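This document opens with one chain alone, in structure tokens, the form predicted alone.
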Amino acid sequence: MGSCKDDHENQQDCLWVNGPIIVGAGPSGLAVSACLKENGVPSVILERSDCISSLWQQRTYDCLKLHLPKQFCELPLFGFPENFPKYPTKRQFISYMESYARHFSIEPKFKKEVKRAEFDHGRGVWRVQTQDFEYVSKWLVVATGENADPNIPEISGIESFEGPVVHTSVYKSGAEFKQQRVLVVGCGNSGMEVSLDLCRYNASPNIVVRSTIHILPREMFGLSTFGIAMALLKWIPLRLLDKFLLLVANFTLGNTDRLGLWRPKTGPIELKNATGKTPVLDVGVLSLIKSGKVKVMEGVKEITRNGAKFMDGQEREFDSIILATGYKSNVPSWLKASDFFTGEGMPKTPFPNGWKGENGLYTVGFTRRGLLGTASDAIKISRDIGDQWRTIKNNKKICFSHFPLNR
């Protein structure tokens, strides 16, 4: 990395990067950096927080575990320790990320929030601006992923509620809500797991189901449901696989429609591939719903001073509200003059071809297929950039650190 200052006064400090600029030091950014190193390509990671994997370290609840077995969550070139359990805990996953960074000597630049990134067509380079520097490179890797910022829905009257309203990004433990009446908005994996955690502390969770939802057992016949699905998908059509999964789910979990958890008409795997909506893997909350310890409510019509009114006409009082409404991409807020992403910050090109754009733009962590998709894209990106890097090196093209930049 070299300086690209010219003789002009009062311009932002500018640094040339002799390799890709990677935005984000989560699993996606670390995976790309490691794979690039294996291809002999240096890189610079810009991270807005003060640590790697900030989503896991700073914005997840204490009881979180990986939803899938560890073999489906490994990053390229470096596996989980053998003594880790089948479903590693939050702390174990963070330690794995830290070991991964140490193993590949990855040292992100922390507290470097990207304010703007734009391709300079005149110079053929990417200009990436943080609060104090401008970084310039031939390649830009967007690794901020699908879950960059909390998704806070607009709910009528929520500003009038007198109790605490928190998103799961700041929820840590049910210990903070002992014996409270809690409204949990959102019935995905986070909403279900938070409800289960609340019950451990004698809270009374009411979970809001705003749409249809697939619930599957985490394991079938002693094996991971996801692992079975991936194995069978090699041999049978997707829709037949979905029918099999639903047959087993109905046999082991029962008819969830009777609990107010209506299944979509589209099968669980087909729906995830089409929309990214992940089926809920039951880790014990379904039995609590059946016993009445967790109550299922229809959509919220309005939040009141002391509680909520629901679409079915019911009105209840609550002490706290937890928003288990997920996360969203933040790419549109900083990546400018690029039509590669939708307004929601997802690649317009569907998986498996959404990892590469034009003019040296790459994306990782946007496959809606978890860490398995991240690993796949990281390998593709590193190979593609590696080929370009070797061509430049073999042709002895100009070193970027001496490439003049005129504003």
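Residue indices: 1-based, along the sequence shown. The structure presented is a predicted model; accordingly, all values stated were derived computationally and were not measured.
The same protein also has a form predicted together with a small molecule, omitted here; what follows describes it.
Undergrad: For the chain seen here without its partner, which of 119 to 127, 305 to 313, 158 to 166, 268 to 276 has a heavy atom within 4.5 Å of the small molecule in the model of the complex?
TA: Comparing against the small molecule in the model of the complex, the contact stretch is 268 to 276.
Undergrad: Using a 4.5 angstroms cut-off on non-hydrogen atoms, would residue 281 count as touching the small molecule in the model of the complex?
TA: Taking the distances in the model of the complex, the answer for residue 281 is yes, it comes within 4.5 Å of the small molecule.
Undergrad: Would residue 100 show up as a contact with the small molecule in the model of the complex if we use heavy atoms at 4.5 Å?
TA: Residue 100 lies outside the contact set for the small molecule.
Undergrad: Could you tell me if residue 226 has a non-hydrogen atom within 4.5 Å of the small molecule in the model of the complex?
TA: Output for residue 226 is yes: heavy atoms within 4.5 Å of the small molecule.
Undergrad: Evaluate residue 361 for contact with the small molecule in the model of the complex, applying a 4.5 angstroms cut-off between non-hydrogen atoms, and reply yes or no.
TA: Because no heavy atom of residue 361 falls inside 4.5 Å of the small molecule in the model of the complex, the answer is no.
Undergrad: Just give me the single entry in 356, 67, 380, 37 that has a non-hydrogen atom within 4.5 angstroms of the small molecule in the model of the complex.
TA: In short, 67.
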